[in-house]
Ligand SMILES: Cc1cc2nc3c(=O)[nH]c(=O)nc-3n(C[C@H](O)[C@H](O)[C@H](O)COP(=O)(O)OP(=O)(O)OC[C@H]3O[C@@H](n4cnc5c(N)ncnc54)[C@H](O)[C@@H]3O)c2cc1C
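Form predicted on its own, single chain, as structure tokens, below.
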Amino acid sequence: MTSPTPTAVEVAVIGAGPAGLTAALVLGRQKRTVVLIDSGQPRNSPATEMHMYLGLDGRPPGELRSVGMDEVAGHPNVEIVHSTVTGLEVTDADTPIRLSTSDGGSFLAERLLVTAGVRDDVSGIPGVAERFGQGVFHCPFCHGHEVDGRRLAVLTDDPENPAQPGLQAVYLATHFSRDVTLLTNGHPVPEEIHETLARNGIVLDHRPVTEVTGTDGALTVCAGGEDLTFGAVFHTPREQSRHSVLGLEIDTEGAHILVDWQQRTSDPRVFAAGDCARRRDDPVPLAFVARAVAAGQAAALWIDQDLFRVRAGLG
């Protein structure tokens, strides 16, 4: 059986989240030939609401995705492929980037934009994965307003960054609740933040957590054999890469592709945007819908300018 003849495009975009859809829309409007490949597994699919995105605050994240897909599909020069990238070859500058998909598709692209997001590892504590985005939340900016006044817990399962949960607990106590418990799950809390925790009324519970049950507004956390009830639990999971491109520079956590102000990676033909990307000058990764949209727009603009300069012979 012969392999299919690859479809040549100017730009291949991996991932149809807010960044990828925005980039495909911008490039489509500029009459670039684009393939947008998406596996249908958006990072924020567990959440029932998205926040801090003007015009759609509190609306289901699937609504933005659905509208975006329709808008992108209105450009005949953009092909949307509902599949998974199974092969990716990024070689020398004179060779097109080759992609293959699980449905047998094959593409050659002059530029590549990776917007595949990251995967949240919520497998450590039973019950967290089932409630992630629905009672168990990762971000006070995204969900703190909705749980204002509730009894809150911050649950850690990451001994590699022991101070972060403590600081998150203090943030919640100063913004949304005077009843906040830090569940350390047996992990140490740095001595230098103990005074800060006490000053802000944070209850420290060092007992191991074995399970989270219940529903949003009435969650039960089993700590050391005792059931504790909370209105919401905040838990920042470890992030894992959802798509690796060999040879690209990544951050020390190994989950984010490092990019410059043009969203360009260490390979000048490859760009990245959205949750999978991290600006080199960002002290921490920032994952917000609005930021992903802006990054996708910026990446598309600079990809278009790259291609424009090549076509116009501008070097």
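Here the structure is a predicted model, which is why all the values come from computation and not from measurement. Start at 1 with the first residue shown and count on from there.
Although it is not shown, the form predicted in complex with the named molecule is what the next lines describe.
For the three residues 11, 29 and 298, a heavy atom within 4.5 Å of the named molecule turns up in the predicted bound form in no case.
Stretch-level contact analysis of 212-220, 194-202, 170-178, 240-248 against the named molecule in the predicted bound form, using heavy atoms and a 4.5 Å limit, identifies 240-248. Not displayed here, the named molecule is kept clear of residue 75 by more than 4.5 Å at the level of heavy atoms in the predicted bound form. The named molecule in the predicted bound form comes within 4.5 Å of no heavy atom belonging to residue 258. Within 4.5 Å of some heavy atom of the named molecule in the predicted bound form lies at least one heavy atom of residue 49. At a distance threshold of 4.5 angstroms between non-hydrogen atoms, residue 68 is out of contact with the named molecule in the predicted bound form. Shown here without the named molecule, the chain has 83, 84, 85 in 80-104 lying with a heavy atom within 4.5 Å of that partner in the predicted bound form.
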